[in-house]
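One chain is shown next in structure tokens, namely the form predicted on its own.
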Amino acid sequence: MTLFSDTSHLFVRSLKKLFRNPILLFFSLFQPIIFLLLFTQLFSKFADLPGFLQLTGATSYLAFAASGIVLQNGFSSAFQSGTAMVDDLKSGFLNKMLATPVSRPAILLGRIFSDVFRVIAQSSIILGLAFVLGASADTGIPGYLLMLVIIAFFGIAWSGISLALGLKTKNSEAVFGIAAFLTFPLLFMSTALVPPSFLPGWMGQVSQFNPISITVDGLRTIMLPGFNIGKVLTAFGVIGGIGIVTMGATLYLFRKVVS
């Protein structure tokens, strides 16, 4: 019961800290919303290209890109995990926690669960806005719930990168810079924003093994007509593999810090 109780208290503490600094929420939501409102309008003519419907199953570029944009929110929010960990290290909060009988795993779990809550809340806002603009999940409410589960697990796996960097470097700028350097090339070499046939040859080859493409394909099969459970299971498998690596690194570095 101590683990559960300590985790819940630290979860609430993380949320309170976040709500006291709403600018972080604003900026993590700002880019995906701009992409949803403006980027999809800028490239709306993609849907008029011959074969777009046959290639994507989407009747509009908004319907096609919504899955990629909501996933973008997932990893941009995950960047904040490492910076929050650095703040706890620099402020001395983590050292104070280690001087108490608090469960050590709860320190990390409270942070991770608060990140999951934030990703789900923000993703719900983006999906709701997409619905208002005319892009809705073909699978209905169960589909939306499944999408949120995928995005939440993706956020956990991706936050492991940020947390590990925060524990290793103890520098917020380094966390954000390295995480962005690793992530954004993957985004633009994926099918998050364009169909695979629209990519240059070498990018198309890379996108087949890109975890962002695989996860987006899992989301997109829920969003668009023609649900394919295989793509969803493949997305979970890839996310699970990433999570084992990233959270394993985080646990290793966290043990070094607390010891």
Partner chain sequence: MPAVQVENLVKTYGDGTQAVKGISFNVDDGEFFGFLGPNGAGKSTTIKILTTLLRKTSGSANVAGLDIEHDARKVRKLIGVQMQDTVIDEDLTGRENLMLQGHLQQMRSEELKERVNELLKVVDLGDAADKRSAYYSGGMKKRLDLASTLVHRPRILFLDEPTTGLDPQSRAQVWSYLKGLNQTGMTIFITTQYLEEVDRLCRRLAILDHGEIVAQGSPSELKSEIGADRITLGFENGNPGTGSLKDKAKQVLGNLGGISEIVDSDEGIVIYAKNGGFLVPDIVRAFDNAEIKLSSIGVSSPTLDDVFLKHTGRRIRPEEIDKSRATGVFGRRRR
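Positions refer to the first chain, counted from 1. What you see is a predicted model; the values in this text were computed from it and never measured.
In what follows, reference is made to the form predicted in complex with its partner chain, a form of this protein that is not presented.
Visitor: Thinking of 17, 97 and 100 as one candidate spot, does its partner chain come within 4.5 Å of a heavy atom in every one of them in the model of the complex?
Guide: Yes: each residue has a heavy atom within 4.5 Å of the partner.
Visitor: Would you check, heavy atoms only and a 4.5 Å threshold, whether residue 91 touches its partner chain in the model of the complex?
Guide: Residue-level check for residue 91: yes, a contact with its partner chain.
Visitor: Please determine whether residue 168 contacts its partner chain in the model of the complex, using a 4.5 Å cut-off between heavy atoms.
Guide: Judged by the heavy-atom cut-off of 4.5 Å, residue 168 is well away from its partner chain in the model of the complex.
Visitor: Would you classify residue 238 as touching its partner chain in the model of the complex, given a 4.5 Å non-hydrogen atom cut-off?
Guide: Outside the cut-off, so no.
Visitor: Do residue 10 and its partner chain come within 4.5 Å of each other in the model of the complex, heavy atoms counted?
Guide: Output for residue 10 is yes: heavy atoms within 4.5 Å of its partner chain.
Visitor: Given the stretches 100 to 108, 173 to 181, 137 to 145, 113 to 121, which is the single one in contact with its partner chain in the model of the complex, using a heavy atom cutoff of 4.5 Å?
Guide: Within 4.5 Å of the partner lies stretch 100 to 108.
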